[in-house]
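Alright, here's a single protein chain in two forms, structure 1 and structure 2, each given by itself as structure tokens.
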Structure 1
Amino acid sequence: MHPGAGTRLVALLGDPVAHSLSPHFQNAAFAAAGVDAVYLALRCDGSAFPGLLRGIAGAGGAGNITVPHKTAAVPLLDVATPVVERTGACNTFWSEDGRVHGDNTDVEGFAAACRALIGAPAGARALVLGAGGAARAAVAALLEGRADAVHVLNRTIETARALATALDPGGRRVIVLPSREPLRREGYDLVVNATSLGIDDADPFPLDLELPARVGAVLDLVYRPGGTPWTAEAARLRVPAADGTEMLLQQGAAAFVRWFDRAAPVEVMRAALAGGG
């Protein structure tokens, strides 16, 4: 469908956005579903971002938000879902009844990726590396999925403590590790990389997988065709592993539902992602 006067703009707002795969698989989904919309990536800094978000929604458009604007988006919303309130982050926006709505579909995306790898996380013990936006989504999904314990290890301990306070104010299930040392005595059903390590080939592994007493499975939120160096290391150790592609796909499918109020053509999106950008 060629863009016309009635075409809806769906935009990815962030910086950088040049390497995002979202335009590729979302436009494939729009074509397959026959919706009159176009998905574009718009690189914007902190001063342009608020005007773009409110302006696009005001013109009937919608979109996604990525680094570094997910937190800054929250006070710009008229209606935020409870997941946005809990995680303090918004990655999807749209307009409804003249108001700007926002959700954080990274949580749903992580939950689906986790289910595909280990099944429901109920009763599981997990280790999350990192404490930024992706880590918040992972911890929120694990708590929602009734994981037994979620340990968090981050380079900056204060950020990890802020995450724990926000998501588990009672301090019952989220434990911040002060260092790697306790890992020697800990076993985990799932270890998640939610740091930025692995984006660059020269990066060290986010964790030596032989350090914890047991690692049942590895989920690297960094995505790369064919897997990441860390998922390859997991395979060498015969630990089931997945990269962040399924989470990317599922957060996008959930966003599609918010924008168009209809089921997403998930297999079309999966095929587009597998085919590359």
Structure 2
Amino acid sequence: MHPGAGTRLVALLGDPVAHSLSPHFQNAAFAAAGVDAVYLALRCDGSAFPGLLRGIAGAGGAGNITVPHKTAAVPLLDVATPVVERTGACNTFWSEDGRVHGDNTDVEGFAAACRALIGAPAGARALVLGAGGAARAAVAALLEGRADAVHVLNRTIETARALATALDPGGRRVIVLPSREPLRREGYDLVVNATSLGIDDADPFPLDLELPARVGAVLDLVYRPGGTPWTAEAARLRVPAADGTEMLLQQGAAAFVRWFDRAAPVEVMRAALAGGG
């Protein structure tokens, strides 16, 4: 199907976006489903982002939001799902009845990726690195999955505390670590990289995996063909690990449902992702 005057624009808004595989697997899904839409990745900074989101939605379009705009998207919505309100982050938007709607399908995506790696997180102890939009989705999914404890480690401790307050107001299960030093005494069933470290070749590891007393599994929300350097390091240490490909797929399938109100062709999307673009 060739784009025409009636083609719906679906866009990924963020910075950076050049590495994204979303256009590849979403356009494959659009073709398989026979929907008249095209998915594009649009790099935008913080000043351009609000106008782009509202303008695309106002023209009947839709899209995804990635780093660093997931929290900035929330006040731009006319209608936010309970998941957006709970996490304070939005990664999916669309127009409906003349209003801009938003959801956070990262929570669904993370939950599916977590189950694929370690099974249900009930009773697990987890460490989440980062406190941005992806970290909020990860912590929300772990809490919903009845994880026993979630520790959060972030460069800016105030941001991590805001996350903990929003998602665990009673402070019973989400603990903000003041530094890396306590990790020497802590063991985790799952360690999650919810930072952007790993997108660039020159990035350091988000965490030395030999620092915690125990690491049961590693989930890197960054994705790269063949895995990330951090998942390769986990494999060297014989720690089960996965990159963010499964989360990317599952959040994208959930977003497809929001945009078109029909089931996503998940296996077509999976095959496109496996092809790597």
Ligand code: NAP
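Only the largest set of C-alpha atoms that superpose within 1.5 Å between the two forms is called the rigid core. What you are looking at is a predicted structure, and each value in this text was computed from that prediction instead of being measured. Here, a residue number simply tells you its place in the sequence of structure 1, counted from 1.
Undergrad: Where is the form predicted on its own shown, in structure 1 or in structure 2?
TA: The chain shown second - structure 2 - is the form that fits the description.
Undergrad: By the 2 angstroms cut-off, has the C-alpha of residue 164 moved between structure 1 and structure 2 once the rigid core is superposed?
TA: The answer is no, as the C-alpha of residue 164 shifts between structure 1 and structure 2 by less than 2 Å after core alignment.
Undergrad: Spell out whether the Cα of residue 61 moves at least 2 Å between structure 1 and structure 2 when the two forms are superposed on their rigid core.
TA: Yes, shifts by 2 Å or more.
Undergrad: Relative to the superposed rigid core, does residue 253 relocate between structure 1 and structure 2 - that is, does its Cα move 2 Å or more?
TA: Result for residue 253: no, shift under 2 Å.
Undergrad: Keeping the rigid core fixed, what distance in angstrom separates the two C-alpha positions of residue 17 between structure 1 and structure 2?
TA: So the C-alpha of residue 17 has moved 2.8 Å between structure 1 and structure 2.
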